[in-house]
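The form predicted on its own is given below as one chain in structure tokens.
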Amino acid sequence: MENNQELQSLLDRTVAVCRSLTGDGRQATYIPELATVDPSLFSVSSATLGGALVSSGDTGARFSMQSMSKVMSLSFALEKFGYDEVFSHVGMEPCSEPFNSIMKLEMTSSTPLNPFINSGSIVIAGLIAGRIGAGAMEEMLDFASRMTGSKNGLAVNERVYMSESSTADRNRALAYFMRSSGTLSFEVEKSLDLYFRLCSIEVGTDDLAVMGATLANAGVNPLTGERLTSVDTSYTVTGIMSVCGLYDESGWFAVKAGIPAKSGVSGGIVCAVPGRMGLAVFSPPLGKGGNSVAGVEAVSRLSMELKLRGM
């Protein structure tokens, strides 16, 4: 078990050092609502497997999950439909192209390379929406709330959802291309609507740290004691986080930080360190690869200080 006082001191030092890096990136602007967030916000949280939650910085900041929701939707789909069914629709290989690229779909079998690029996550959302029907979003919010240990329950930020839905030409192109090739066998607009809503779920770094800790704890939420996923699901999801979690910068991040993680263009990163803890950071300005500049540095420093590599 981590020493909470020492961990608090480390998080405080990390925030003090890394906050200055927020000026080195730019916020995502292709979803207009994301451009309105204060770029100076910075928070970091850790959740140990002993049930301790330690945070520092702007811990009251709330932001949309964006692609970090793909960790939750993949976990849910694996639990609901099984490994074989899920991976009959998507692969599990890293991608060297941008997260919203259509090129790989055209050049290969049109099956998304992994569930963390946009095309793959749209297929997962289609699977959930198609199989569950009208109550899919309510089930997903319940699962997300339990996975994060949220006492009041999580909800969709409607302004982000509307902003995302109204500017999603590339994602619609991906979905309709996959529909035309037979890869997406579910209704396009229902698949996309669930995808947009999942991306728009509002969280804080405390929520994400507990989500990461749940996966790190082999599927058991360390704060509530509830089992959310099987051991196999947690291993599968953290494995894909290790090789696909930061888009086409995943290999670079594996060398720099060396822990399973998933980023989102809102500026968050959620990490699951098997057998140790969950970590989460939030800082809106992004680098060229679509990952939080200050967030990546913070995770890398914490990984080194806490000796998390190879856990």
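When you see a residue number, it is the position in the sequence shown, counting from 1. The structure displayed is predicted, hence computed values, not measured ones.
The form predicted in complex with a small molecule is left out here; the points below concern that form.
The contact with the small molecule in the predicted bound form, taken as any heavy atom within 4.5 Å, belongs to 118 out of 114, 163, 73, 118. The contact with the small molecule in the predicted bound form, taken as any heavy atom within 4.5 Å, belongs to 66 out of 66, 56, 250, 48. The small molecule is not drawn, but in the predicted bound form it has no heavy atom within 4.5 Å of residue 284. At the 4.5 Å threshold, heavy atoms of residue 171 reach the small molecule in the predicted bound form. In the predicted bound form, at least one heavy atom of residue 264 sits within 4.5 Å of the small molecule. Not displayed here, the small molecule is approached by residue 199 to within 4.5 Å at the level of heavy atoms in the predicted bound form.
Heavy atoms within 4.5 Å of the small molecule in the predicted bound form are found in exactly one of 250 to 258, 276 to 284, 23 to 31, 48 to 56, that being 23 to 31.
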